[in-house]
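Taking the form predicted on its own, here's one chain by itself in structure tokens.
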């Protein structure tokens, strides 16, 4: 193996590990998001990120990942802020308000990203890769940045897990006992925005919400304990990200984002079918056993 090939292989492994770390953190944060029923808020944040990517490029002229993701985070938070304002100061329903923010922000983002080259910004080519993810463009430095963001998010979840769990299951009781429910809600949504932004290079703006939502939904089939669900969701997210990146590296013509989501969907399908208590097979078997017992009881009653 030549020195260049060795460096390339090393970078590939580092990038895969960085993206896998993001998948783990997305699953961990997504558990709180799903339990608190804030998945649509994450979708609004995700579709606003393209505006931030284009805005960061226009403001700085730089295309390094840290600058673009910083702009995406600002735009994601702005999108969430607009969502809150529309809900609070208009009579628009939550689902309609979310659809409004998603449509407007995503339309503006697509316009900016696709229009920059035509407006004379020749070095803006490639920003559209944030639509579906493109790990081949990441460097080892970018991967370390993503891993650091993932570590911060996981640490934040560990710090607020007890309080977030209480708010998710009984917000009224949490408020009555003095817990800052709104603050915890904002913390959860902020972490979701952070992971949506960190997931852009791997999954892209269109599909990044799936990386936050599918792993916890799959993990919920296997356990009733929140701590176990959080860890299992993180492992599912890690595995989906690793499989998607590996498949994309093996077949460069395939976009990374859809492959990651397909891998996560496969984990969901296995969970839906094979989970020991909540899986479809287990529930069908339990229903069949219950039907057999009822038939036996009816026959016994008829015999007497």
Partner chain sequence: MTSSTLVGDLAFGLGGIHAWAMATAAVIAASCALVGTLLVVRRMSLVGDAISHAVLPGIAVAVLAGGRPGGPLVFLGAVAAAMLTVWLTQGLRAAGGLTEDAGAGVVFTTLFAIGVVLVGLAPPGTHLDAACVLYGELAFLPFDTISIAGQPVPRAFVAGATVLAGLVAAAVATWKLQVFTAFDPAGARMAGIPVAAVTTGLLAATAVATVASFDAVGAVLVVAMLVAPAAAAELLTRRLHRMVVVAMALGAVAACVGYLAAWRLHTSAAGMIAVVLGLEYAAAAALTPDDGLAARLIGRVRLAWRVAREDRLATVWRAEEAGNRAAARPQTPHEAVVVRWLEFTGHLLRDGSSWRLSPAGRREAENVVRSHRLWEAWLGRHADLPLDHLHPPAEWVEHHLGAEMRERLEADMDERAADPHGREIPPEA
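Positions refer to the first chain, counted from 1. Worth saying up front: this structure is predicted, and the values here are computed from it rather than measured.
Omitted here: the form predicted in complex with the partner chain. The next part is about that form.
- This chain is displayed alone, yet in the model of the complex one of 86, 231, 145, 77 has a heavy atom within 4.5 Å of the partner chain; that residue is 86.
- Contact with the partner chain in the model of the complex, defined as a heavy atom within 4.5 Å, holds for exactly one of 182, 123, 139, 111, namely 111.
- By the criterion of a heavy atom within 4.5 Å, residue 210 is counted among the residues contacting the partner chain in the model of the complex.
- Heavy atoms of residue 39 reach within 4.5 Å of the partner chain in the model of the complex, making it an interface residue.
- The partner chain in the model of the complex is not approached by residue 289, whose heavy atoms all lie more than 4.5 angstroms from it.
- Residue contact with the partner chain in the model of the complex: residue 258 places a heavy atom within 4.5 Å of it.
- Residues of just one listed stretch (63 to 71, 234 to 242, 40 to 48, 22 to 30) have heavy atoms within 4.5 Å of the partner chain in the model of the complex: 40 to 48.
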